[in-house]
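The data below hold one chain only, encoded as structure tokens and taken in the form predicted on its own.
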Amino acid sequence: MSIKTAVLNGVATIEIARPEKKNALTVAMYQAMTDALVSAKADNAVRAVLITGQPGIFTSGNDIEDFMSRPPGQGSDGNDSPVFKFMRALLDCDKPVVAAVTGGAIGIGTTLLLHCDFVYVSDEARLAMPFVSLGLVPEFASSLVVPQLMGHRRAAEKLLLGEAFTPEQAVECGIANAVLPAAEVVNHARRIAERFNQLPPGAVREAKQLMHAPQRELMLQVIRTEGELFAKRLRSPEAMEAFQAFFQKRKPDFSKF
């Protein structure tokens, strides 16, 4: 299994462990992460969740070959696919979620961070949301949250041009809490997660719910709208050209569109 899970000292850890493929996420991995989040929410012994990757890589995003062989459908069926079930499970987790970003975080590797409560990035981290360059559209409410965090013009650099940003920029714009040396980021994130063992769990859950309540329904609607457009774009000629170029290890040619 490319997702490792464990519960230790009140912390449920979800570790993305597929370094040979740069932690690229498959349908099965999304399902495993969903199951882990649902289990953590139901387990009274769990006070917080920690999501991490491998040294030098958090996740490179979707495994394109796997994703294209089983793409999410359009409409309600699409939003019931494993990737959208994972999104919903992360949104529904009423316990604090701490992310330790150990390296590259591409695509959903960055967008999932928008829905964590604490994010600590290594000094080797590189974040990017290159959806448009693949002929796709933003996902996981990033079209809503990223402009809110950094303003329209800076968000356009990240979402329209797909520009990567540094760990320091992630902190500056509010995606991350702090930058740490690569060797320290996971242990620091775990210490933050373990602090919830000393806090009243009911108060923590209700405080988190209050923080998310004002735009929860809007966020769910944006995710649904993005998901429908994303599924449609997956079948577009532009996306087909981008994916073919990826497999053929060449630069895509969008001049004919």
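Start at 1 with the first residue shown and count on from there. Note that this is a predicted model, so its numbers are computed, not measured.
Keep in mind that the form predicted in complex with a small molecule is missing from the display, and what follows is about it.
- Comment: the small molecule is not present in this chain, but in the predicted complex one of Ala176, Leu134, Val186, Leu180 has a heavy atom within 4.5 Å of it, namely Leu134.
- Contact check for Gly61: a heavy atom falls within 4.5 Å of the small molecule in the predicted complex.
- Though the partner is left out of this view, Val98 does not reach within 4.5 Å of the small molecule in the predicted complex, counting heavy atoms only.
- In the predicted complex, the small molecule sits within 4.5 Å of a heavy atom of Phe67.
- Ala24 belongs to the set of residues with a heavy atom inside 4.5 Å of the small molecule in the predicted complex.
- Heavy atoms within 4.5 Å of the small molecule in the predicted complex are found in exactly one of 147-155, 84-92, 102-110, 116-124, that being 102-110.
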